Each structure stands twice: as C-alpha cells, then as structure tokens.
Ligand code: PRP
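For reference, the chain that follows is the form predicted on its own, supplied as structure tokens.
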C-alpha cells in the first residue's frame, strides 16, 4: 500500500508506549496525542508548495519560501479527532478548521454521520482529516466520501493507530488518498477494536471512562 506512510522513529515508539499504557492518565494522554499529531502533520506537509517570498533579516534581504496556509483545511472527526487538533494548530496555526461528526453503531459497527461543517471554498483547499484511530475504516471512508461530494480534490488522512483491515478498506475505496499513521497494529478483534491498540481514544482523551 504505497499511499500508506507509517512513521518509524524511536521517539514515536517511545511516546506510543506511554500512550498505550492503561495506567497513563487523561492529562498525559491528551499531551501525547497532541505531540504525535504534530509529527504526523510535519510528515504530511513534506510535499507542501512554497511561494517565493523576499524577506529582510537583520543582516540582509533574501529570497525564501512560505506556505499559503489558506490553501489547507484540517478536519477532525468528532469527537476523538479533536484531541489531535491542538498539535496540528501548533504546527499550522492559520489553517482553516472544519468538523465532521460521526458515531459508531455498537451493534452493526457502522458509522453514522450527525454533523458536517467545513470552511467555505473547501473544494479549493487541500483537506487533511484527523482521527486518532483507523479501525474498520468506515468513518474515514464516509468522511472522504462527504468531502469529495463537495468537490475536494486532494485529501490526506492522519491517524495515530491503524489496523490493517481499515487501511485496506480505505485504500481500496480511495486510492488517491494518502494515509499517515504513527503505527500499524496487528488486527481488529471481534468487537472491531484495534489490537493491541490503546483502548477507546475518545474516552481516554476526554476522561469519559
């Protein structure tokens, strides 16, 4: 799956070890999710186009490059995706933010959409979807479908943990979407949770369990 980029780095592995630990508290969990989101954003923007700009340093004028942050929009999938937003905004403070609300049916495991609000001219922007977990891939596929129906041409997906089953599903449906993840785990269990995973990311971010 050439469009799947896994961040292989000792620092990421270290942070994931603490994130996965069931004894890690809410405050530390939130901080780590935000920090890993920064690394994912950094990697996802490696192909960003630079505009030639002249600036003046304390020494002399020079030609350099800048990114037009208005060309991008970041869209967390509610609610867990909000946990990654602070890290993304730290790296890219002027990017526009949208929201897609989804929840998973605990019986069928299918995603259901309940909220969709994105910046105007979304079709002119590169859109980066953020969600900590890519399990079955259902929510990711639905989010990408929604954005494409609005005319968005370039989409990337950022997650912290991904299951092979979810990656396969998204890649098969949307071959043009690059997926950036901090780690690809072993599999999904019978309840469609990622193994070994880190539990329910939303509950751990917001302290609801």
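Numbering follows the first chain given and starts at 1. Since this is a predicted model, take the numbers as computed values, not measurements.
What comes next is about the form predicted together with this ligand, which is not displayed.
Of the heavy atoms in residue 200, some are within 4.5 Å of this ligand in the predicted complex.
This ligand is not drawn, but in the predicted complex it has a heavy atom within 4.5 Å of residue 137. Contact check for residue 80: a heavy atom falls within 4.5 Å of this ligand in the predicted complex. For residue 116, no non-hydrogen atom is located within 4.5 Å of this ligand in the predicted complex, even though that partner is not displayed.
Residues of just one listed stretch (89 to 97, 116 to 124, 67 to 75, 129 to 137) have heavy atoms within 4.5 Å of this ligand in the predicted complex: 129 to 137. Taking this ligand as positioned in the predicted complex, none of the residues of 146 to 169 brings a heavy atom within 4.5 Å of it.
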